[in-house]
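A single chain comes next, written as structure tokens; it is the form predicted alone.
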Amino acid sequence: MDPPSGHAAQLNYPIAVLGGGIAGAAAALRLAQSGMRPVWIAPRRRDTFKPGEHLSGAAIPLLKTLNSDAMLRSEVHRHAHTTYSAWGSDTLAVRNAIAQIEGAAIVLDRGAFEDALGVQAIAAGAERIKCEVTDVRVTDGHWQLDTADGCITSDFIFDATGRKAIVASKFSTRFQADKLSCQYAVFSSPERLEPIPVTLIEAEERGWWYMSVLADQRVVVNFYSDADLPGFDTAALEENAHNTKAISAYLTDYGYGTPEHSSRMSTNSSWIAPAIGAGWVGIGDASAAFDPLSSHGMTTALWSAIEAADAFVAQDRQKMQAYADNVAKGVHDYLTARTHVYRSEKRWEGSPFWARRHGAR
């Protein structure tokens, strides 16, 4: 809990939150709501599409804790009432929100959601510095944060820098469970038909697909596989998407043609243990990053930001340790569930992607 011991440095910020995204914005907001004045250091968000995922209904109580749940009523998001899944067989199984105790998931405009959290954090009193921290070190008992604009000093750091975990990976131990990566493409809305707003998950020999209709009727298609396996080629994503069964049928039926853009990103399962140290705490993906199939990512980002911020405000060492213990338990439970879900798909047990997840190699 305590910052590194030493003398006060000139222009020292007591608390620094590093990294944009949901965890960084939520931590800055929670700290500011608690009467703190954190400096929130994160680069300006690029004005490009940011692929999201389902925000679980379990995240809504967390947003209410932050007084942020009203932003979900924005027309840029939609409730995901129906999800179809071809997992374990070619037959599409349907899951309806009426059967989900926590309520319907929400398909987010991820960029808009993060921006709204950020605006709320600044309005609550967080100071935003739009730059990227390139390195961190402890000097004379204080954190020195190197940026392109110079050095910033702080006493305590919330590391919300995602899988990069610029602080946590340097001062703790990083573990990685897989090499999962994502290729994604965004297809423009067709003019002649109004698509049914659904979400599709479809397994295949090389990995699995995720497709969802956004509130503006564009469609995002993600393909998940290990980055080192053959066939993981962004250039061939459109062709491969049209070689699927359920997803290809949907794209064809509603006239979705060439995607407006495509890209790739790392989505591996990784975690930091322990997720706390002298003068720092890891939150969001900088504490534990999960396979998108779990839909844990955004909910965990919100939970970890709130829990770590509350422990810091209370200056309660036991509460901060309990946070780290809960992160570790969550990782253990996640890995057990992940193994169970992947082993339920038995059609391609001998292929490299599935064999790795079945424990064969």
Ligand SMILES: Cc1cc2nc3c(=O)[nH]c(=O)nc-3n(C[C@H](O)[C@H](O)[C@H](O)COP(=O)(O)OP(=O)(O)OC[C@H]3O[C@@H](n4cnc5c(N)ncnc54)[C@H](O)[C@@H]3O)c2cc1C
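Don't overthink the numbering: it's just position in the shown sequence, from 1. Predicted model, so just to flag it, every value in this text is computed and none were measured.
This protein has a second form, the form predicted in complex with the named molecule, left out of what is shown; the following refers to that one.
- Contact here is defined as any heavy atom lying within 4.5 Å of the named molecule in the predicted complex, and by that definition each of Pro51, Val133 and Tyr224 is a contact residue.
- Under a 4.5 angstroms non-hydrogen atom cutoff, the named molecule in the predicted complex has Arg110 among its neighbouring residues.
- Using a 4.5 Å cutoff between non-hydrogen atoms, Pro43 counts as a contact of the named molecule in the predicted complex.
- Although the partner is absent from this view, Gly57 stays clear of the named molecule in the predicted complex, with no non-hydrogen atom inside 4.5 angstroms.
- Within this chain, Ser266 lines the site of the named molecule in the predicted complex, having a heavy atom no more than 4.5 Å away.
- Contact with the named molecule in the predicted complex, defined as any heavy atom within 4.5 Å, is confined among 277-285, 252-260, 150-158, 236-244 to 277-285.
- Residues Gly19, Gly20, Gly21, Ile22, Ala23, Gly24 are the ones in 16-32 with at least one heavy atom within 4.5 Å of the named molecule in the predicted complex, listed in sequence order.
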